[in-house]
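Next up: just one chain, as structure tokens, the form predicted on its own.
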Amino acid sequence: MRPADSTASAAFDQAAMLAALRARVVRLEGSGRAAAGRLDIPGLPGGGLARAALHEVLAAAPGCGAAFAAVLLGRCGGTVLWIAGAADSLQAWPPGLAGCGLDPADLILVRAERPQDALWAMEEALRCPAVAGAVLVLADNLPLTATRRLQLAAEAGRALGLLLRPGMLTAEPSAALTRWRVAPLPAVESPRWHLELLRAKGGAPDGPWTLAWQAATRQLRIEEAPAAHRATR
């Protein structure tokens, strides 16, 4: 295939993907979405995570990262997108995400063949006013300019944006509003996490907290912080 044909094919694929996503969103948006504000999590700085913003999540293990992202997206109150590369090991499993409060009926799965396509899909999703939230699963860091575009897209569409990345990645500059690290904790039934705020725009690092998801009541709550942490407050 000639280079010109390859370029035209890529453009057609993006246009087709966007049309399909918009059509799916139109079918799902009848219930509407919550107004921009915060995902309330009492005990966290500011009382939770700001909507209309991009947040980074560094996960110590793929499973805990997926569960944590699902809990957050499930609280967005509308259509959400899960975007991952074709070669990424963290593909979404709707029945498992449902146990974390993310209704499969509200979920659109996007599998991108190339990283640039995944990034493009994330930006388009965040700009769409009918999308309540989106997560982009990444194996690598993003350039600062790319995170700035995603932050601006989240502000324009008033959606919650999550960048889900491996916890061992180095801390690169980012335009995301916050950066968190999450690690699994022992649990009998519903998941529990060790959560730290590594960076916050206009704020300081904070934590750690023990965060627990109550599947029966669909509640997310902060358990008592360690004594050493309480003494610094």
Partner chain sequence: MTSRFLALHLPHFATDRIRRAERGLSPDWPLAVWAAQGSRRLLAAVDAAAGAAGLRPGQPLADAQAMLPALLLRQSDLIGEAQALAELALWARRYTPLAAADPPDGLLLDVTGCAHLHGGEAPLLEEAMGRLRHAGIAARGAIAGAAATAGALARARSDNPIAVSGTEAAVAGPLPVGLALRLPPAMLQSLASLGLHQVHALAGLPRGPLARRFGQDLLDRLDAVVGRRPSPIQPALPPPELSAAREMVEPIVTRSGIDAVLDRLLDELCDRLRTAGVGVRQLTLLAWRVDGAVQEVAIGTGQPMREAAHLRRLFATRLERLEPGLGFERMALEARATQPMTAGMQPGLAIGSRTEEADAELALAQLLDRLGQRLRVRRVAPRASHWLDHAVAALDPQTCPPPMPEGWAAPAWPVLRLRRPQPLEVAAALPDAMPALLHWGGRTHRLRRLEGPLRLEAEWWRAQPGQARRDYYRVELDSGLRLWLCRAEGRWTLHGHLP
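In this text the structure is predicted, and so the values were computed from the model without any measurement. Numbering follows the first chain given and starts at 1.
Below, we refer to the form predicted together with its partner chain, which is not included among the displayed structures.
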| query | finding |
| --- | --- |
| Partner contact for Pro186 in the model of the complex: its partner chain, 4.5 angstroms, heavy atom | yes |
| Its partner chain contact in the model of the complex: Leu136, any heavy atom under 4.5 Å | no |
| Contact test in the model of the complex: Gly207 vs its partner chain, heavy atoms, 4.5 Å | no |
| Touches its partner chain in the model of the complex: Val131 (any heavy atom, 4.5 Å) | yes |
| The unique member of Cys76, Leu142, Ala112, Leu163 whose heavy atoms fall within 4.5 Å of its partner chain in the model of the complex | Ala112 |
| Of Ala52, Ala66, Leu39, Leu177, the one that lies within 4.5 Å of its partner chain in the model of the complex (heavy atoms) | Ala66 |
| Those residues of 116-145 which, in the model of the complex, come within 4.5 Å of its partner chain by heavy atom | Asp117, Trp120, Ala121, Glu124, Ala125, Cys128, Pro129, Ala130, Val131 |
